[in-house]
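What follows is one chain in structure tokens, specifically the form predicted alone.
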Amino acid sequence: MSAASARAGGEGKRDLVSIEDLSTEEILELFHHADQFRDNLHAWSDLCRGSIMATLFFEPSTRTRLSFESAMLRLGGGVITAADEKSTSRSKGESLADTVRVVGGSYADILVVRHPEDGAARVAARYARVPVINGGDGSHEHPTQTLCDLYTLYKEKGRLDGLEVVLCGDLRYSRTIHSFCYALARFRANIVTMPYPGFELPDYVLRRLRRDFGVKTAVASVADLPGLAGSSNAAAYLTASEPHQLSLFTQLTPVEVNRIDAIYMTRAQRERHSGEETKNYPRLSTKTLRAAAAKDARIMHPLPRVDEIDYDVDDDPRSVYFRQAELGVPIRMALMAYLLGRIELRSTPRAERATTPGIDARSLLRCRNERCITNGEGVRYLERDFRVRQAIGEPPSLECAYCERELVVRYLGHAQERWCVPVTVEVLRGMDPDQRVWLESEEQARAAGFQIRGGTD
């Protein structure tokens, strides 16, 4: 049986929960297929004939849901949808795990899930027998929007490596921004962050960029961009490519940014805020586009737009946000055709990230991300699940297997002998995995009856 037919039959299914689930080569090959689909959107109505896609959207959506449904219809498949949470059994208390097991049974061959809780897409992928695509889970990730963004930037600039991309606005809560950052780092593009004050990139995103992609950070000195420059004193330059001007990077010398390839605007994610003030939020106008640094910049936005881009900007040929939305259809056609086994990719799949098996139920830990599904509906049925991450040259750390937030652990205990010591690589290697008990603090260790040996961090 071929790999394609095996996926179509449910064996060895591929899911897209994170942009990290695709290799860089796979992404570029999907672009090639998207180009073919885009050349004639009406020529592929037999490719996925007989397949059914279900869109399970527990948050509002226009572009993501409709573009997925359009993509499947253009491939010749069928669509069923739950577009309003109030009309689903979730309003009666049904869990996401039960929903996807039912809908991913005989109802549909592929699921697209949007959910308000971080890590929900991973739950759906674990419980569904058919491929699952993350249509946005809380403030975690939105990988198909990232595919669309990368595809747009690639079509506009002809490359991704070495581009200078400004991210502006709400970088804290935007799942689109988080996925985009990880992808840009992989393609060795340089990122300039210009957040609204208080809405900077979260520390866990920055740590992952440093750990997984070797990204380094410097203070950014950005050329004058009316409406954007000066909106925050936290502008930063993130790079995985170490251009020549960063030869003294360890001294955090400010990096002069005078050429911009793209400005990616985001709205304030008010549905995920807790009443934070957004007065004087950045606003991109025609004055911004007259700046010398923006001469060749493309203006991008995942949409919907609120007040952060003037409508006068729409007529400027550098504004490509509506093209972004249009390109969402062919790239999603390519992705679904691949996951359903109707096209094959020659590229090598992305290797699993270096982790050890999950922490067992004996663990005293819980995810500290209050928006994680394990602290929401998942408390009813999900077991604690963390993964050990061992970056070269750094102490071991844990991350939630669902929302991927890191958890700070300071002690490693021996389950049988009831002693614990500060976590080090040497201690981790020397202890039987079946005896490991991870502990966040001295207080937690003592309360659990462990005797502390050795010094503290």
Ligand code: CP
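Given the structure is predicted, the values throughout are model-derived calculations rather than measurements. The numbering used is simple: start at 1 and walk along the sequence shown.
Here the subject shifts to the form predicted in complex with phosphoric acid mono(formamide)ester, a form of this protein not shown in this document.
With a 4.5 Å cutoff on heavy atoms, Gly50 does not count as touching phosphoric acid mono(formamide)ester in the predicted complex; it lies far away. In the predicted complex, no heavy atom of Leu206 sits within 4.5 Å of phosphoric acid mono(formamide)ester. Though the partner is left out of this view, Pro304 does reach within 4.5 Å of phosphoric acid mono(formamide)ester in the predicted complex, counting heavy atoms only. Among residues of the shown chain, Thr62 is one whose heavy atoms approach phosphoric acid mono(formamide)ester to within 4.5 Å in the predicted complex. Interface residue among Arg114, Arg298, Arg122, Arg172, judged by heavy atoms within 4.5 Å of phosphoric acid mono(formamide)ester in the predicted complex: Arg114.
Note on the interface: of 213 to 221, 140 to 148, 157 to 165, 276 to 284, the segment with non-hydrogen atoms within 4.5 angstroms of phosphoric acid mono(formamide)ester in the predicted complex is 140 to 148.
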